[in-house]
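Have a look below at one chain only, the form predicted on its own, in structure tokens format.
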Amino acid sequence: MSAYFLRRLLLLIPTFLGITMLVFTVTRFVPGGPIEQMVMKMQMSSTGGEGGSGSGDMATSVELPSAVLAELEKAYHFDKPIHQAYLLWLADLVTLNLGKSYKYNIPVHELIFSRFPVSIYFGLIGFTLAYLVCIPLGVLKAIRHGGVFDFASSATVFIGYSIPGWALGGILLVLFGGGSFWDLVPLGDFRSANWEELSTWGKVTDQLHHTLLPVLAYAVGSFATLTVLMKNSLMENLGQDYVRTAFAKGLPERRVIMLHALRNSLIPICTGLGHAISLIMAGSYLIEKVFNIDGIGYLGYTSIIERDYAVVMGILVINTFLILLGNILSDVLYVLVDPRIRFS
């Protein structure tokens, strides 16, 4: 089994290289890169004092010297072939240098780490809420399979699953956000502007008000998957011989389900805990955009729009590494919770 996990660890390297190489190549061919963005800003600033010029005239009225363009291309390694530029970027990555954001003009790792608390906050709450709701709901659906509760809950869960989180977030803001008919929660942001001036209780209530709608939008997509997985796993175990034997011995139904069947049914659910390591990068680009939450997702969204490729690649590196490592941890948990499993 150790050989299996060693192979999985070694496979991280080509998988990581393949993902980063693909995205790095795409950034080279997408128009409007950082050099074009910088050139446009320099041209607009140089003609900003001239009135009566249209945007087309502004874009072409000033030509930057070739020496300036060459310096910009050298700074972003655009003066080299793709494979050489990728190797240079990879060499910087080995030294834990993710580059510098051209938009914020600060190192990428500082920019990303400054958004970690927000992502960890929403990631942990969404992850915990999903498990606390879906496990009991899946158990009830399995026990009452084919009943009114089963059909009603299935309809509700899959209606929520069919609605994208960002779309649900927009609907919730219209219905319950500030200025709406109910006006129960703020329109967005992570905290209020005067949060530091609030009392302890005021900070708690303010944080809860800003948390409710984003967490619902985050978690709605995972409800259906976890609930159905829990239900199907429990129903499969309820049909096993050891469960029928327990019923034949006269054990109460509650004891058989909760003590015998449920423990084995939680195995597929528990293995998903390996992905908890990727919680620090949890979030959605569009959900954080809708709620104006300054987290990793919103940073990724603005970086793509602004063609800040150093930040895009930095987020990709961390996210890819955590997801790949989480997959291995899931296999490890699978072995730990189910001794019958043997990887070879």
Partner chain sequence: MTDVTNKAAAETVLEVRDLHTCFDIEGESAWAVSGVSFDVHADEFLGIVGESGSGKSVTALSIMRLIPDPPGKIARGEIHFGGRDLLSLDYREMHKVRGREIAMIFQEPMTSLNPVFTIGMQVAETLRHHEEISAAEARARAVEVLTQVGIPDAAKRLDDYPHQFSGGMRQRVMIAMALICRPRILIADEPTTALDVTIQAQILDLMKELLASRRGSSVILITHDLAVVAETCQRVIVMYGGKTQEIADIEDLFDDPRHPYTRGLLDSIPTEQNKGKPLHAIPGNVPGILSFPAGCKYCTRCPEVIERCKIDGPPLVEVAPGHHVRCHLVEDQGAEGSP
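On a predicted model such as this, the values are computed, not experimentally measured, just so you know. Numbering follows the first chain given and starts at 1.
Keep in mind the form predicted in complex with its partner chain is missing from the figure; the text below concerns it.
Only one listed stretch (90-98, 226-234, 204-212, 247-255) carries heavy atoms within 4.5 Å of its partner chain in the predicted complex, and that stretch is 247-255. Not one of T15, G18 and H83 comes within 4.5 Å of its partner chain in the predicted complex, counting any heavy atom.
Taking F151, F158, Y242, F113 one by one, only a single residue has any non-hydrogen atom within 4.5 Å of its partner chain in the predicted complex, and it is Y242. Out of the listed residues H77, H260, R191, K103, H260 is the one that sits within 4.5 Å of its partner chain in the predicted complex by at least one heavy atom. Although the partner is absent here, T271 lies well away from its partner chain in the predicted complex, with no heavy atom inside 4.5 Å. Among heavy atoms of N264, some come within 4.5 Å of its partner chain in the predicted complex.
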